[in-house]
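This document opens with one chain alone, in structure tokens, the form predicted alone.
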Amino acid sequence: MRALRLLDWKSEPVLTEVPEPEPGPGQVVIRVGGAGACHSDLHLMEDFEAGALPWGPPFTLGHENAGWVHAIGDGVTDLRLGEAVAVYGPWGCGVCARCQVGIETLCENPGHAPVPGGGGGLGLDGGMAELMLIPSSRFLLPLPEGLDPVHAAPLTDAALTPYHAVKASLAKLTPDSTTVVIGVGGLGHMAVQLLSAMTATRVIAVDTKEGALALAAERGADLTLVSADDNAAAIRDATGGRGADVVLDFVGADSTLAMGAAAARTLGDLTIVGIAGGSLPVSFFSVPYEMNVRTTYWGTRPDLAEVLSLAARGLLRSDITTYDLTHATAAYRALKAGEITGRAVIVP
């Protein structure tokens, strides 16, 4: 079968022929319906070197996946052939305290995980192939009626990650609150929808691209701002001088973190989602009093079930551009060039 594989760090992936996977005991093979192309894949291609992570190439890309159950290993009784499923991407050990409650992103026993700190498309073969091996049926969630694998695939990261971030600040997202979403691309445009579906907060979207801001406004943003040096002042003006109760930074650069801190309100939250590599000096007087600065990483299995429910009810939609497997590298080039609005999905 064909698969888009990263053969080495600091290289472009290659479309090649690999053997079809066969499930062992407790394992499942899915026929891939869609695999999302993520900015973090670009970091894998361009920024990492040998030894930087506990795993490495070669492996098939694609950590946002959905499809249909194709083959079932011995002992799997909770799935049926042909069933439409979404893949929960981070694969932990399954037995530590974090994994037991579905927080496999933060597995505390990585030595017993399928791949330490990773999953399909992150150290093990992912979904940019015709078939994908899933090491345990617990990593598969049946799709609710009305949700197809092509549109479900990006929900497993591009929606799951902002959902987890929004949930962490729910107590502060009251009807008189303001939330700033910095970067309304693949993840950020989902965050705008989630905030609209889950809360009554006022949403301000910030981005460099007019097209992304137009989509954010269509999806529920109350105010859009083109990235500029005076964004923090504009946000304070829009909030009567108070600032934003919650800032979700989907970029994570020095400039966006500084802007987020300058725009935040006392007792507010600044959540760093993007991995552009920026840093924010934090001291007693460098940020608003009692402001929380936190990172967030992906989401939990229960979170994903809730995300899929929102999408099935029409409260969350992934705006996608589809590519076939032959043109997957073109999708990544377009993503790097900032030419993708919403999310690119590879359809094998």
Ligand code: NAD
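None of the values given here were measured: they were computed from a predicted structure. Throughout, we count residues from 1 along the sequence that is shown.
The form predicted in complex with this ligand is left out here; the points below concern that form.
Partner proximity in the model of the complex, defined as non-hydrogen atoms within 4.5 angstroms of this ligand, places exactly one of 120-128, 233-241, 153-161, 195-203 at the interface: 153-161. Proximity to this ligand in the model of the complex, taken as a non-hydrogen atom within 4.5 angstroms, holds for one residue of 301, 317, 70, 39, which is 39. Note on the partner interface in the model of the complex: the residue among 96, 217, 276, 262 having a heavy atom within 4.5 angstroms of this ligand is 276. Taking the partner from the other structure, this ligand in the model of the complex has no heavy atom within 4.5 Å of any heavy atom of residue 174.
Using a 4.5 angstroms threshold between heavy atoms, residue 321 stays clear of this ligand in the model of the complex.
Residue contact check for residue 109: none of its heavy atoms lie within 4.5 Å of this ligand in the model of the complex.
Among heavy atoms of residue 91, none comes within 4.5 Å of this ligand in the model of the complex. For the three residues 166, 245 and 268, a heavy atom within 4.5 Å of this ligand turns up in the model of the complex in no case. Shown here without this ligand, the chain has no residue in 299-332 lying with a heavy atom within 4.5 Å of that partner in the model of the complex.
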